[in-house]
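Single chain ahead, by itself, as structure tokens, in the form predicted alone.
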């Protein structure tokens, strides 16, 4: 069994908490509190802006440490998508009358952004960082794809948001990232594997906390 699947089996409860959270489930069943959605929108915009330098640092790690040149092209594709994503957040915020310039990052968001920054350190192995990248992207892909799957009652005005991360193309991209992470983990010593697993668990915990924050929970 590949390493990531093994972890997901072992930590299934935490993974499910991140990918089937009450916040995204409320979007799926149409009961979402729009004030919670707007809170998520403003906070996630702040997070995405911190995510950009993390992905840039990952690109540098791939250039220095990867055993496969195609990794750089995959990560570069993610960087290009982030440019479009930042623009999308601005348009969406305007549509929902969310003032991004006056949105203050909440404690959970600040902590998650600091965690991202810690992964940018040159001391953090490429394998650990790329596995974290996969986990962050996969949570959104799984969460929002579920909002579009059979039986969903996602409000029409939120379908574009769900489509952004829940589409098949992004799903394929996440699968490619997972393959990169698994390839690296297969060749890594035990200490790197342990660090990567702990990092993925922390990502999942932060994702749960971020969804909680969006719902107004502390």
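Numbering follows the first chain given and starts at 1. Nothing here was measured: the structure is a model prediction, and the numbers come from that model.
Unshown form predicted together with a small molecule; subsequent notes refer to it.
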Review point. Three residues, 51, 85 and 165; all within 4.5 Å of the small molecule in the predicted bound form via heavy atoms?
Key: yes
Review point. Of 145, 93, 136, 75, which one comes within 4.5 Å of the small molecule in the predicted bound form, counting heavy atoms only?
Key: 136
Review point. Pick from 26 to 34, 180 to 188, 58 to 66, 39 to 47: which stretch has non-hydrogen atoms within 4.5 Å of the small molecule in the predicted bound form?
Key: 39 to 47
Review point. Contact between residue 210 and the small molecule in the predicted bound form at 4.5 Å, heavy atoms?
Key: yes
Practice item. With heavy atoms only and a cut-off of 4.5 Å, decide whether residue 126 touches the small molecule in the predicted bound form. Key: no
